[in-house]
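Next up: a single chain in structure tokens, the form predicted on its own.
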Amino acid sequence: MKPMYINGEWTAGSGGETIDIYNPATAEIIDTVPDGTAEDAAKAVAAAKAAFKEWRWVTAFERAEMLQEAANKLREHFDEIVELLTLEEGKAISENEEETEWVIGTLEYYAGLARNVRGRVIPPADRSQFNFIIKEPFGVVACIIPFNYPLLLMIWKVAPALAAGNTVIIKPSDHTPLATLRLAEIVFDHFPPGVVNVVTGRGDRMGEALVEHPDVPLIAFTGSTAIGQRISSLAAKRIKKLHLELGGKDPFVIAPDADVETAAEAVAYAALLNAGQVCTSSERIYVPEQMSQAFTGAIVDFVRGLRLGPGLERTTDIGPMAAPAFREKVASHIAEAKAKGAKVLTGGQAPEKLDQGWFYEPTVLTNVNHSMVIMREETFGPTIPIMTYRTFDEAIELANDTVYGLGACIRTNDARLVKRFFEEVKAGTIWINDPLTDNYAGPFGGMKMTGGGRELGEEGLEGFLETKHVHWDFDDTLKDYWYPY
């Protein structure tokens, strides 16, 4: 069993219960972790709160050096972490190599940014006064992480939180905690005890205990909208700061001028990366009526050539889904769409040759519409539902016809269409011709019911800092605007 990491020490927790961790490619148990309790959460909070008293005064330059050292250590253990990620999460090893590189790069980016700014001086109202703005850490930050990118979505929170001077408690998904625990052991071990803590357990017990704890002023969460709503309701009692990135139902619009073959490959990548288990997966595809037949033919041919298999095999393009429940959700969305008239052109079932793990064939559907669940709710699986449009006005209207607003993609070389798309589509990130590519300096987050938090960039650091205005008057004489009037 892999224990929890609290205050620089390893502990099996107080409850005695455990959670099995599976390899989704084989459905075999690869390890167990403690199913932590509210008592364990309280211990982690106490450790992080005590550590904050000193950590907040560690200079920005020292914090930057520690973040850079963490990046260096991870690079030394690169292959080990990639393999462990692949075993517990399932996606293709090349995708986990990219994830790990991104973790290293994010640590290095915030190591640099940590040295940069703490506030600003503003003009005073009088010559005897000095006014300035300082940015201060919140204190203890609870980082609640999803299963699909266990290290990437963790470090997008932890790196800026630490750079800002906060202490952190990381609660990884109960599907994918192993790589995070290993990082605590070999990458974060040089941080003072209590600055970085990793607890394991189920969301309705460990997660809620962290959210409700009075000494945790900030919750950083990536996950479903339903859980985000639950966190919001619990946090509202203490008016806590929330940093939420919730569900998505991202559109991908193919413009009339797009090349069919390259558009098909772009859509396949945007929809099927990590078996579709990406918050920014393109889950709604809109194609002009006049190119519908050519596009669907091209994407079906391309998708049928992709190889399913265990993530550790270098020939694998698409790995398994992370858990049976996620595969069942995909199947239910497809079944509902078919019942309402959608047509499955390829896929639509679990592959017979890979019956040991939680695989699902990449699935292309046509004849879909917005009455179907697969076009309204987050599917989070390897599906490509294709809908036609007649005019670009209609395409934009369809793209915006969702409660979510995380990302949106378009394929076109028409500058007029590009401008209309990025100005009129309500989403936190707009990708033009190069889908799902992030930038360390570019803020990532959503609009509408996706939540308003931002990760990466300067905005990612700002999210973990509180603003304080200091008004200082050097003249301590009586003011003529005091009493009596």
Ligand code: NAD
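One rule holds for the numbers: they count along the sequence shown, beginning at 1. Because the structure is a prediction, the values reported are computed rather than measured.
Missing here is the form predicted in complex with nicotinamide-adenine-dinucleotide; even so, the following discussion is about that form.
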{"property": "Selected contact from 266, 92, 231, 342, since only one has a non-hydrogen atom within 4.5 angstroms of nicotinamide-adenine-dinucleotide in the predicted bound form", "result": "231"}
{"property": "The unique member of 313, 261, 204, 289 whose heavy atoms fall within 4.5 Å of nicotinamide-adenine-dinucleotide in the predicted bound form", "result": "204"}
{"property": "Which of 350-358, 217-225, 289-297, 68-76 sits within 4.5 Å of nicotinamide-adenine-dinucleotide in the predicted bound form, heavy atom basis", "result": "217-225"}
{"property": "Contact label in the predicted bound form: residue 172 to nicotinamide-adenine-dinucleotide, heavy atom within 4.5 Å", "result": "yes"}
{"property": "Residue 148, heavy atom within 4.5 angstroms of nicotinamide-adenine-dinucleotide in the predicted bound form", "result": "yes"}
{"property": "Partner proximity in the predicted bound form: residue 362 to nicotinamide-adenine-dinucleotide, non-hydrogen atom cutoff 4.5 Å", "result": "no"}
{"property": "Residue contact check: residue 248 to nicotinamide-adenine-dinucleotide in the predicted bound form, 4.5 Å heavy atom", "result": "yes"}
{"property": "Residues in 400-424 with any heavy atom within 4.5 Å of nicotinamide-adenine-dinucleotide in the predicted bound form", "result": "406"}
